[in-house]
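Next comes just one chain, in structure tokens: the form predicted alone.
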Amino acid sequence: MEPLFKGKHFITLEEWTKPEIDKLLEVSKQLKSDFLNNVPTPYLTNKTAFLMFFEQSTRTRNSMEAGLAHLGGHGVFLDTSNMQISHGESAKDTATILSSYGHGIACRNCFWGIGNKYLREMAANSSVPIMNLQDDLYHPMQGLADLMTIQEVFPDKKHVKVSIIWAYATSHKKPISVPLTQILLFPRYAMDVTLAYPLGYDLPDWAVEKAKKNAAENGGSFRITHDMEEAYRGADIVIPKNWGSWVNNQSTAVVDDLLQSYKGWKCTEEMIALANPDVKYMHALPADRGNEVVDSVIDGVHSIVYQEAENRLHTAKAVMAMTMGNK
């Protein structure tokens, strides 16, 4: 497999052209087929990637570590609280040194106003590709897996109607990176995207304007509503997920009066019934069961969350094989 994007950073999908993203998807699908058919994929033999996490992870960490093993390489998990970062070492110094030890660096840093800047500083000082495992603004690994999943479920459908819907949750104040990535990416693939949220949970103005531009340039559409039922009505895909009020309120408090006032923003059987009969329910996981969504929906016939989660493995492998390879 030719590493067409050797050395290219993977920080946002906005910095990858559609043909480049299409190639990543093509490779993802081939790697998925190879995995299911026990075909060896030794494209990163003796390659090492450092996996830096400022936050907890299940899917991202394990898809990266397992993916590297499937490709013949090795992943080094780094809890940043046990690194000299916790004593103030700079992103520059960390990236310079780690890039001299291996072949790729992946990092999750979701601190508001810090995460993406941290990754950019690493990229400016790394001799190997920097891969974004989620920051305060973007989650390109999740976006790529979501796109792959949508293409698998609706391979021939034009103008798939996707509704990205804020949902009530109390587990933690979540980043805006998943919905922000989705509103930028999906319109580039001619999807009709609806963003729905209650007042106070806005995404940044620049992201909304870019989503509109991406839609106009690629035959998709993008709209905003503050009516939850309107977002569900006639949708092919619904993605009800919580995100924090970071744009308007930088407090790290998880529960506040604004959040509590929107307990009714929940994905229920009644909401699903408003969508198209074959509607698919997606979520990046972990879902706040009982708050964001009722069990009968996430465990029901409309849910494709496990297919979506599985694809995280294969898209991660594609990104690593295409950016870290040595041919």
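For every residue, the number given is its place in the sequence shown, counted from 1. A quick note: this is a predicted structure, and the numbers were derived from the prediction, not measured.
Only in words, not in the display: the form predicted in complex with a small molecule, which the text now covers.
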| Among the candidates Ala49, Ala284, Leu44, Val297, the residue which, in the model of the complex, approaches the small molecule to within 4.5 Å (heavy atoms) | Ala284
| message | Looking at Lys266, Lys29, Arg59, His302 here, can you tell me which has any non-hydrogen atom within 4.5 angstroms of the small molecule in the model of the complex? | response | Arg59
| query | Is Thr194 one of the residues lying within 4.5 Å of the small molecule in the model of the complex, judged by heavy atom distances? | reply | no
| task | Indicate whether His103 is a 4.5 Å heavy atom neighbour of the small molecule in the model of the complex. | result | no
| task | Indicate whether Gln142 is a 4.5 Å heavy atom neighbour of the small molecule in the model of the complex. | result | yes
| Is Arg312 one of the residues lying within 4.5 Å of the small molecule in the model of the complex, judged by heavy atom distances? | yes
| Which of 269-277, 66-74, 284-292, 254-262 has heavy atoms within 4.5 Å of the small molecule in the model of the complex? | 284-292
